[in-house]
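Shown here is one chain on its own, the form predicted alone, set out as structure tokens.
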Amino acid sequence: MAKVKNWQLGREMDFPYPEHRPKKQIAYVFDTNKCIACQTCTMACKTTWTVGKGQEYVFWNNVESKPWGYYPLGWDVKVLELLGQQKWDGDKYAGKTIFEAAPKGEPALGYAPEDLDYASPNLGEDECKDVIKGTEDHYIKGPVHSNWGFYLARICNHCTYPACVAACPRKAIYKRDEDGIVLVDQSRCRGYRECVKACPYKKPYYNNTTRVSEKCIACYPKVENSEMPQCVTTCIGKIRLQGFKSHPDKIRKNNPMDYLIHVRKIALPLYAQLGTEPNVYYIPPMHVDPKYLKQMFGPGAEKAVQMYRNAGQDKELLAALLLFGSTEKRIEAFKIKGEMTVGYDKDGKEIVSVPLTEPAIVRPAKVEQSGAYLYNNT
């Protein structure tokens, strides 16, 4: 095992390969407060990439209802249970990662889901009781829901230290140096499913027809054309923003990804304690138990929630948040111009401008030219 620096954990950790960060790192920010679980992102991804034989149960993108929804069933509960107690010492993670807790001879701590775990993508979604794995007509009732819940959109995290890369005995999975996207070379893959077992987020899938693994490709044909992926551009709630994150030591404040992740720290990684340094970041939901948020998003969750609550009085933060869903082109930089937030492409060309406050127009009750009234005053 090599020693690598994981900035999300605030310390070095063990990893099977030496540290190597790509020239640019693809990253996403998802605002959980705006997600309505319409599954438009899921269907956009599904109809674009996974409509072939053997892909019936493959969802590169899915939206789960937390705390009781999962796909595959119980994925995070099982991984956290395997890992055992996790402890944060301030902003530094004091527990073990999946690489440090791996059994002897294994690259990472993990488990292989059973076929039934993939059988029902919406099992447990919006249920009043917890639903544990069983047959369709057999529910094992668990604790009653608390008075909160939220939707969690999930894709491959294109991790800096991918467990799938660490586990693949064929070296069929690789991380691109030009953009940090993690891909599967299917000509090398032999379907050993070690990637499925090792990934704590369970985002590589095994295709029973082709007998090889496949996973989210981050819509790299669009990314290479400076466009955002399908799941980002089709999102009705405008909860998503995709861009490139800078090296942790070389952040750019005018890069919206760096600004939200590194400068303001309002966008947080999902289960950072697992140790993969995931590159999908979440703005935590405002109405959820802080203890649950800390487990899921780390010790900065409560502060991020408070920051989000006050975004209306924070002009610069508001400017960054209003870029979500504003254009299909990738925004490389932004700045405030008067009462507008303006986004720029990689060449410094203005591609979008959004008002910081929604314009309100008050129409007169009576149209002077015609004498007609616009309101029903009967």
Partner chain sequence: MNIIKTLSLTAVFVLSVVSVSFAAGNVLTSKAITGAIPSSPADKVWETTASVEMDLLPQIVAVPSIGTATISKARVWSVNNGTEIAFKLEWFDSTRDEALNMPDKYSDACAIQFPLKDSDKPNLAMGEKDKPVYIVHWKAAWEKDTAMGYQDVEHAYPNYNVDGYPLVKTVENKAVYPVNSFSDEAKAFMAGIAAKNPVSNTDRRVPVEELNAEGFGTLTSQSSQDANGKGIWDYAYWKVVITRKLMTDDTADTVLSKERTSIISFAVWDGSKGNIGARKNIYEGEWLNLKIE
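What you are looking at is a predicted structure, and each value in this text was computed from that prediction instead of being measured. Positions refer to the first chain, counted from 1.
Omitted here: the form predicted in complex with its partner chain. The next part is about that form.
Contact here is defined as any heavy atom lying within 4.5 Å of its partner chain in the predicted bound form, and by that definition each of 106, 170 and 194 is a contact residue. Screening 110-118, 86-94, 302-310, 175-183 for residues having heavy atoms within 4.5 Å of its partner chain in the predicted bound form returns a single hit, 110-118. Residue 348 falls outside the set of residues with a heavy atom inside 4.5 Å of its partner chain in the predicted bound form.
Although the partner is absent from this view, residue 53 contacts its partner chain in the predicted bound form, with a non-hydrogen atom inside 4.5 angstroms. In the predicted bound form, its partner chain stays beyond 4.5 Å of every heavy atom belonging to residue 291.
A residue is said to contact a partner when one of its heavy atoms sits within 4.5 Å of a partner heavy atom; residue 211 meets this definition for its partner chain in the predicted bound form. This chain is drawn without its partner chain; in the predicted bound form, the residue among 156, 165, 270, 189 with a heavy atom within 4.5 Å of it is 189. Only one of 244, 206, 75, 259 comes within 4.5 Å of its partner chain in the predicted bound form through a heavy atom, and that residue is 206.
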